[in-house]
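As a starting point, one isolated chain is supplied in structure tokens, in the form predicted on its own.
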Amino acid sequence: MKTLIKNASVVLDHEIVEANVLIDGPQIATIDPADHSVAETTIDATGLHLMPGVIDDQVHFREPGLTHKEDLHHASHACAKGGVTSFLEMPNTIPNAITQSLLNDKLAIAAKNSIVNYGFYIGATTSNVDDLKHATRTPGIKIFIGSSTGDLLVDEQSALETIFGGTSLPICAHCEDEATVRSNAEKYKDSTDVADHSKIRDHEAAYIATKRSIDLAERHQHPFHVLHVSTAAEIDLIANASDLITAEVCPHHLFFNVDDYERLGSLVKMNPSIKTADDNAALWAALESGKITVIATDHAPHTMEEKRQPFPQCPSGLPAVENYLALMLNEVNQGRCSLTQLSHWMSAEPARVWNMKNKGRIAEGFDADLVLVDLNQERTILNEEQETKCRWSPWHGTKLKGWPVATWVMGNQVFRWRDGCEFDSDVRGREIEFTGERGKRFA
């Protein structure tokens, strides 16, 4: 089936051009095809911008084992609504995805239930290096250096040396120093103030673990991705590292800081914790300078009942996947960044970092994973309109200008906005292919 998207402002690698885009089956056939091109479906995109589909390389979609919080049906609909056409999901489901068999089980669930494209990390433990060496159908290895319990907590130096030195898949890590966190937790063991979470999971905890991880990656010459950078201090470590090292930031670390605990309480309790307004500014500057190149959500939903528990019982994590493109489009409208920068941070770079085949760009022969956005549309984030199963957002009540209005996954339109959300829930996304070789950065 062919689809012609006409008269769009098309966001390419370095420029925006007025063009038509012809989709043929699952791929982009032609940019600016001849006027006589014929398609079964024609979309008039006058006044709208066509962007590469967003790739969220860090989500927790909770299936299997924790589906009272989220599942792949609801999460993938939230993705489609938010312009996210591909996701990479973390291994801390139940059971933890730490073997090829358990990884295959998650892929099979996604094949049945996800309307967008999908991939799953394999989790590292202190004893599964053989599984990590031979893992296939995965973007890479996830290590929890802090902020986990049981088998997924890998804090011993000898185990980390073995993983970095004995495996070949790219590695990413949650970087918070476990000893620092435990020491701080002891100091605040009697606290019931959620703001103390940022004192327990403080700047030092993040800095120590990120420094340690980069050292391991550099010595073993192993590609390494720093997840959810939260402090200004980490940025210098990343900037001074080799090209083996990449990093990302999340919306909650860009938009929230410790001043927001008074207003939002446990809803913004995160690991790593939110930090200061100065850290917010430093993270934005790092994106703009290219020191940090990826924006991802760390979408980690819990039920409102769970989040409303008193501190410290309330869990860490918040949902973001269906709103983070709109949050960033609002920043485009305010002049903080451009659409080409956004496309770089949210599509091209995640595809490059994780070696995704034919993803992340609008180019002939690439997969037709696309999102049409209306920079003039104004809407307000409301809990009752959320597609995520937990049905709440920390941005509830926030009015934004700039929203996704249509999403295609492998050439199939899965979402459109017509005074409300419309989905094609019969479509299924595809398993993402990983080439094993990082592409070149776009300057």
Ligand code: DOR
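We number the residues from 1 along the sequence you see. All values derive from a computational prediction rather than experimental measurement.
There is also a form predicted together with this ligand; it is not shown, and the following applies to it.
- Only one listed stretch (328 to 336, 270 to 278, 71 to 79, 104 to 112) carries heavy atoms within 4.5 Å of this ligand in the predicted complex, and that stretch is 270 to 278.
- Although the partner is absent here, S316 lies within 4.5 Å of this ligand in the predicted complex, judged by heavy atoms.
- This ligand in the predicted complex is approached by D298, whose closest heavy atom lies within 4.5 angstroms of it.
- For the chain shown alone, H228 is a contact residue for this ligand in the predicted complex, at least one non-hydrogen atom being within 4.5 angstroms.
- Interface residue remark: H60 is counted as part of the site for this ligand in the predicted complex, having a heavy atom within 4.5 Å.
- This chain is drawn without this ligand; in the predicted complex, the residue among H174, R352, H203, K291 with a heavy atom within 4.5 Å of it is H174.
- Checking T138, T167, T125, N92 against this ligand in the predicted complex, a heavy atom within 4.5 Å turns up for just one residue: N92.
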